[in-house]
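Here you get one chain, nothing else, as structure tokens; it is the form predicted alone.
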Amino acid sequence: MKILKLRKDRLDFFASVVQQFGEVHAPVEVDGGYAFRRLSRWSEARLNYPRTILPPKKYFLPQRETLFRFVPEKGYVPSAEGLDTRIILFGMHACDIYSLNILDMVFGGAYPDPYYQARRKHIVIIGIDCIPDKHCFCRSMRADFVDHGFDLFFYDIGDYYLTMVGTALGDDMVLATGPLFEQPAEADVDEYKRRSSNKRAAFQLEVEIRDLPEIFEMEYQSGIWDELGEKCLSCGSCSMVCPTCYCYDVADSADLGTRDGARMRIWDSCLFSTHALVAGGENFRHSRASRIKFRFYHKQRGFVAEYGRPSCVGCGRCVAACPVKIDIVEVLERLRGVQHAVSH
């Protein structure tokens, strides 16, 4: 991996040059929070944001998309809308890049998803380091640092960004800017280490995940699930904002007055009452307690068994979004028998 540095006051020039590689999308302020949007001018970008409302997965797995249309004269016509659009996601945090690495395993495994794969191929990832806030626990989930999944990654070291070049495409972007990037000095490396140490100390939340799968097995009948079921609204907010939730529903729609139609897929949530409903009216998880237990078990137990790590990256979005304040860290610590405490 190549390591360079870029003066902060030249970042806007760098952003203008890399537009030749695609549309530049970055976090902007919206509705009291932040969201990735296409920039009309670089001054809209807010790179010191805590987290976006929706994760960047919306670019790779859209909330609603047409898989194919069916037309009597042509048969089934696959949809290619937006699959080859070149986009630069500028300013992704390490935990969100880690979440994409997780989705890569899901959608690139035994049954590769061509829609996800096409978008992943055409989207450039430029990451930027962040400072944790009261909802972050990505360090506990081993997602506060990534060594792959990005093209470029910027670390704040004062007047400069220490820049990790992760791919050949990232190297092409560096070369396209001419002499803009410089070789780092020993003092730059020392500053990176100092800031990395300060970031570790800044985390207010911590949870031990080492033996969580075993504890989940022991606590399958715990009364905490009924307690959470009474509290949970089954609104699915946590699933919608989660960067690694990938459940979707599939529905066919017909155009009125014709025999044409389309097959769509739409984000779904295991907390919805209809998620486990099958033909004949049988619902394998009819109670809210069973659904919220399934969500926790899938992320912290089932995913570990299949992929070797939890599917949670500790971004804190579910904690911030839950209308009844269900806190994943508090739940995990209660299952472990540890009193939950947050530093303020």
Partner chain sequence: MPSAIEAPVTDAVWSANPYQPHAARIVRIYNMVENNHLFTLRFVDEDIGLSFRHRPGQFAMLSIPGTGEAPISISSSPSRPGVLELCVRRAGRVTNALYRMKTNDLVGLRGPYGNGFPVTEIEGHDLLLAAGGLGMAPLRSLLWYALDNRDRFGRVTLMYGARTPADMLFREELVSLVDRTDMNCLLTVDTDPGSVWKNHVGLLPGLFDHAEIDASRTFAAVCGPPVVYKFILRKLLDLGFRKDRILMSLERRMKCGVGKCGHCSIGYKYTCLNGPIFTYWDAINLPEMI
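Residue numbers count along the first chain shown, from 1. None of these values were measured; they are calculated from a predicted model.
A second form of this protein, the form predicted together with its partner chain, is not displayed here; the remarks below concern that form.
Contact annotation: V207 falls outside 4.5 Å of its partner chain in the model of the complex, judged by heavy atom distances. Contact check for D144: no non-hydrogen atom falls within 4.5 Å of its partner chain in the model of the complex. Contact between A168 and its partner chain in the model of the complex is found at the 4.5 Å heavy atom cutoff. Among heavy atoms of D84, some come within 4.5 Å of its partner chain in the model of the complex. Residue in contact with its partner chain in the model of the complex (any heavy atom within 4.5 Å), chosen from L180, I215, I123, I224: I123. Shown here without its partner, the chain carries D12, Y49 and G158, none of which come within 4.5 Å of its partner chain in the model of the complex through any heavy atom. Remark: of stretches 107-115, 184-192, 197-205, 136-144, the one touching its partner chain in the model of the complex is 107-115 (heavy atom within 4.5 Å). Contacts to its partner chain in the model of the complex (heavy atom within 4.5 Å) from stretch 260-282: R263, R265, D268, H275, L277, V278, A279, G280.
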